[in-house]
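Quick setup: one chain, the form predicted on its own, written in structure tokens, and binding and motion questions come after.
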């Protein structure tokens, strides 16, 4: 119990420091961006005809006429009250925009995270168990290719093959034309999700497969594996009884660390497939220099990734009894 209290307090302190650094750096970097927020707000069509009085009114409306430190202190005061501000792009509260967009992105990232974990681990175990064979070489070639290929290129390639040529999957969007998101069926949602999720899962499959393979090869060459072979144990038995649990911890670590890459990859994936998720909102906020929305998204993503890493730390104790016993003794 004492260990759990210390663990919780330590994680909360780390989270507070992380959020403070994220808030300061993100607000500062976006505020000093060369993009004029007023020009981005009105668009190219009205930029030429807009008068100085209109620019001043817009700047006053969004607080852009105030110094940077004043805007940051005002934003920080709103944040301490639980208010992330109002989005200049969507004319809604930042919390409402994040909540709406994250509902769509959560399905995409969860399915991609599941695909990358299952496919990456399976391919890594298969390659490690057959190290040196044609199967191992084929899987390594596939993993190296996935690890080096840009996400947007893979997205365009899959879109051309499955949506344009074969017409198996939809070309874009999260719902069929004319159907609201709250009215979509489970099959329709999965039909629009499958191709973007497969594309996004590519980020984690290659690295997870290669890392799992190397760890399993190391296990199969260990002394206790050689002793098990001497007693008549097969390679399959060694993998099942000795390999899986030892491979699970590093694979789980890599899988949870990949949550941050999922956020980055979702930006490109959602733009290519026209998926209305949090990644698309991030691009719009950056293009329009929407400081409150962009800071809110970065703030939220930091909490999400930190929570994932914390869950990974806790799950170690369920997988490996040695860690759980060691924590109790301390």
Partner chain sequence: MKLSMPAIANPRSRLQGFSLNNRRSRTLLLIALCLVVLGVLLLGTYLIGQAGLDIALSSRNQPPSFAHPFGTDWLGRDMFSRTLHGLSLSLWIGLLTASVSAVIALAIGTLSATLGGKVDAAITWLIDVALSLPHLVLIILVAFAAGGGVRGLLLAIIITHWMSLARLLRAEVLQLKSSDYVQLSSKLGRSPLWIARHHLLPHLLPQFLVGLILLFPHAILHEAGLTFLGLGLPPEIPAIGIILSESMRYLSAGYWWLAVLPGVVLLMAVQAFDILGQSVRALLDPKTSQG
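Residue numbers count along the first chain shown, from 1. All of these numbers come straight from a predicted model, not from anything done at the bench.
The same protein also exists as the form predicted together with its partner chain; that form is not shown, yet it is the one meant from here on.
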query	finding
Candidate stretches 158-166, 214-222, 108-116, 127-135, one within 4.5 Å of its partner chain in the predicted bound form by heavy atom	158-166
Contact flag, residue 264 vs its partner chain in the predicted bound form, heavy atom cut 4.5 Å	yes
Exercise: residue 69 in contact with its partner chain in the predicted bound form, heavy atom 4.5 Å	no
Proximity of residue 190 to its partner chain in the predicted bound form, heavy atoms at 4.5 Å	no
Contact label in the predicted bound form: residue 287 to its partner chain, heavy atom within 4.5 Å	yes
In the predicted bound form: members of 139-156 within 4.5 Å of its partner chain, any heavy atom	144, 145, 148, 149, 150, 152, 153, 156
